[in-house]
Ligand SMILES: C[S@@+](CC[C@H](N)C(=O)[O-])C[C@H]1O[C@@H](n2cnc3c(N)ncnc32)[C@H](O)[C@@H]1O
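Here you get one chain, nothing else, as structure tokens; it is the form predicted alone.
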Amino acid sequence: MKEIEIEEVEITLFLEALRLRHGYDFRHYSRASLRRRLLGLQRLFGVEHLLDLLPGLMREEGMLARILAALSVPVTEMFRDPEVFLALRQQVVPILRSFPRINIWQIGSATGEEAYSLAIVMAEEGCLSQCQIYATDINDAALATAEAGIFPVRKMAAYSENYRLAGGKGRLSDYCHAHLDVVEMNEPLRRAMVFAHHNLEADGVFCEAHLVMCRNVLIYFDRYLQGRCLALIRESLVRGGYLCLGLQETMDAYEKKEDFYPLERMLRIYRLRSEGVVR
């Protein structure tokens, strides 16, 4: 067999073992991206072949968490694509503010920067006290960082500029305090958060949501898993609820695209249609 064919067999066997032993199914993740992460996994554990990891995967406690951390992509930043957060602030939050309780589901939260960005917007628009942000991921290490709310101070200059462009009404430093080379997000923001493990491929609806943020998650999935994820989001949204995808993502894999109205097509902000909700 050619080397590339052997590699594909090893990947297939490894993913099947991961699915059967632990219930995590990566078979519908983008193959090219997944292959790069699997090679990184081999380097992390210092093995020559992917299948050398199978004994540990099957029997060693703690190894699963390390594998999931290596296979997930915890890339994020505060107020990433600030024009999106500006549109949310101006067009979505005024509607959400009318609800006595606001549930936001942040899918693929990684280390939590985007979830804290949402909390800051809600605070500045006067509705953080009625807001609960559920931030989920399969990477427990990333979730632990998010829950601590501690980030490198070296990133704050870029984050502050994003905050300004997103319509920030004060200074980003108003929402955190510095300790040497890190900053810690303020307690009122952290109280609005619930960080939880959630597997999009296998788990069901996490909450009844008024807004779902699923940005730069679908790009790592094949069409089947994209469709499943979008159907799950549709099921979780209240009537007239909102969905925000990444700028490079679309609704193409969802069979009932007519369920959603594009509020801001270029910014990938959609609203679930219901009676009386068409603009």
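Bear in mind the structure is a predicted one, so any value in this text is a computation, not a measurement. One rule holds for the numbers: they count along the sequence shown, beginning at 1.
Missing here is the form predicted in complex with the named molecule; even so, the following discussion is about that form.
The listed set Gln91, Gln132, Thr76, Thr145 contains one residue whose heavy atoms approach the named molecule in the model of the complex to within 4.5 Å, identified as Thr76. Between the options Ile107, Leu118, Val183, Met193, the residue in contact with the named molecule in the model of the complex by a heavy atom within 4.5 angstroms is Ile107. The named molecule in the model of the complex is not approached by Ala87, whose heavy atoms all lie more than 4.5 angstroms from it. The named molecule in the model of the complex is approached by Asn216, whose closest heavy atom lies within 4.5 angstroms of it. Shown alone here, Phe221 lies within 4.5 Å of the named molecule in the model of the complex, counting heavy atoms only. When contacts are judged by a 4.5 Å heavy atom cut-off, Ser173 does not count as touching the named molecule in the model of the complex. Taken together, Tyr29, Arg80 and Asn139 are fully in contact with the named molecule in the model of the complex: each brings a heavy atom within 4.5 Å. Stretch 199-207 is the answer when you ask which of 157-165, 95-103, 199-207, 122-130 has residues with heavy atoms within 4.5 Å of the named molecule in the model of the complex.
In the model of the complex, the named molecule lies beyond 4.5 angstroms of every heavy atom of every residue of 153-177.
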